[in-house]
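Shown below, as structure tokens, is a lone chain in the form predicted on its own; questions about how it binds or moves come after it.
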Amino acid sequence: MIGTRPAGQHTVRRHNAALVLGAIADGPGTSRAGLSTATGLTKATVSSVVDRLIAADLVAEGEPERRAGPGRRGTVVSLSPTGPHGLGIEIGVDYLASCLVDLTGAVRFEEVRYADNRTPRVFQRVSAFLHKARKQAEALGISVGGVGIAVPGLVESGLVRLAPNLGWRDVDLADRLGETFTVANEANFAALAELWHGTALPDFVHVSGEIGIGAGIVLDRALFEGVRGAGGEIGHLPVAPDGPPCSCGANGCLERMAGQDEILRLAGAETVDDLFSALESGSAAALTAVSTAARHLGLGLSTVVNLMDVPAVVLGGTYARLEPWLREPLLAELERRVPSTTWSPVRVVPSALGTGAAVRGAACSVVRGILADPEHHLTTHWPSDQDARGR
């Protein structure tokens, strides 16, 4: 083949490290002998790789493995809960959130700070919030292995092309904040978090309702982002073409008709907590507001279901909390507009992660990156070949 070169020792070592770490992540509590069987690598190679992973605090050895039969039991190897963590930051329209997760995906801390981020000072605010999260990690004795940032907008190669509810266009967060991050759409991060740590559905559309509405589409356990990464912009589907203007410049978009602000307005509530109090007390205005939003949401989601043939809808964000009141009118609208529901009803379930899905997905994306390619963390804790030969 033209343009190919033999794999060097570093490339092979890097591949083997990712292969072994992936096997440990997929089968926690496996011995070195078990890892050799799972990966096809020799026991000597696995032992060498595991030693490097332990030195970098990516994995840890525990108790003898549990198995039946004679023979010596090996020591189990699992992901280290004290190794590098993923730090997630979510920039919402009216809040900032942070989340720190370990290599197993367990959450170490979370924080939400409410504030209107539709201001030029938002970048200073995010920088200070990020600094505080790092200090919290430091106080816990945790090493931050990377940062993921979730934003309510279209992202292309780390550049926020458009976030209409924040008033952003072509914003380079790395340049604004002075460091490199993994930046992605908040709905996509939320869908990934749901896939990795939520409902365990293989195919679904995760729709989150805040001030804006975003959707992440998962097909065959993989995120579908579209050709240019702009898929899932359900919030700007036209559901009332002659309706009120949207922040994107169009009229009658789904988020304008069924977003959090519109529901609060119709319900006569000032806050989301006020809305829930009104719903629980049986307020006719609140019930009508949610039912109206559900019908518009069903109209938008029917387009997605008919086009993509997704069998399930996961309600996230504020919609997860509203699910008891949204469910029936939403299902009725889907049944009316999706022909396949006659023989294959669409499932509607609340998110298992609720309003914290996007920030958790941002943090977990960092962890997934470490597990997929741990070499950077290994080289900072293990001598290079040249250093080793010099000893």
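None of the values given here were measured: they were computed from a predicted structure. We number the residues from 1 along the sequence you see.
Omitted here: the form predicted in complex with another copy of the chain. The next part is about that form.
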{"property": "Output flag, 127, 151 and 158 jointly within 4.5 Å of another copy of the chain in the predicted complex, heavy atom basis", "result": "no"}
{"property": "Contact stretch among 111-119, 222-230, 89-97, 136-144 - heavy atom within 4.5 Å of another copy of the chain in the predicted complex", "result": "222-230"}
{"property": "In the predicted complex, the one of 299, 315, 101, 263 near another copy of the chain [non-hydrogen atom within 4.5 angstroms]", "result": "299"}
{"property": "4.5 Å heavy atom contact, residue 274 to another copy of the chain in the predicted complex", "result": "no"}
{"property": "Residue 178: touches another copy of the chain in the predicted complex, heavy atom cutoff 4.5 angstroms", "result": "no"}
{"property": "In the predicted complex, residue 308 touching another copy of the chain (heavy atom, 4.5 Å)", "result": "yes"}
{"property": "Heavy atom of residue 43 within 4.5 Å of another copy of the chain in the predicted complex", "result": "no"}
{"property": "Residues of 316-348 having any heavy atom within 4.5 Å of another copy of the chain in the predicted complex, listed in sequence order", "result": "336, 337, 339, 340, 342, 343, 344, 345, 346"}
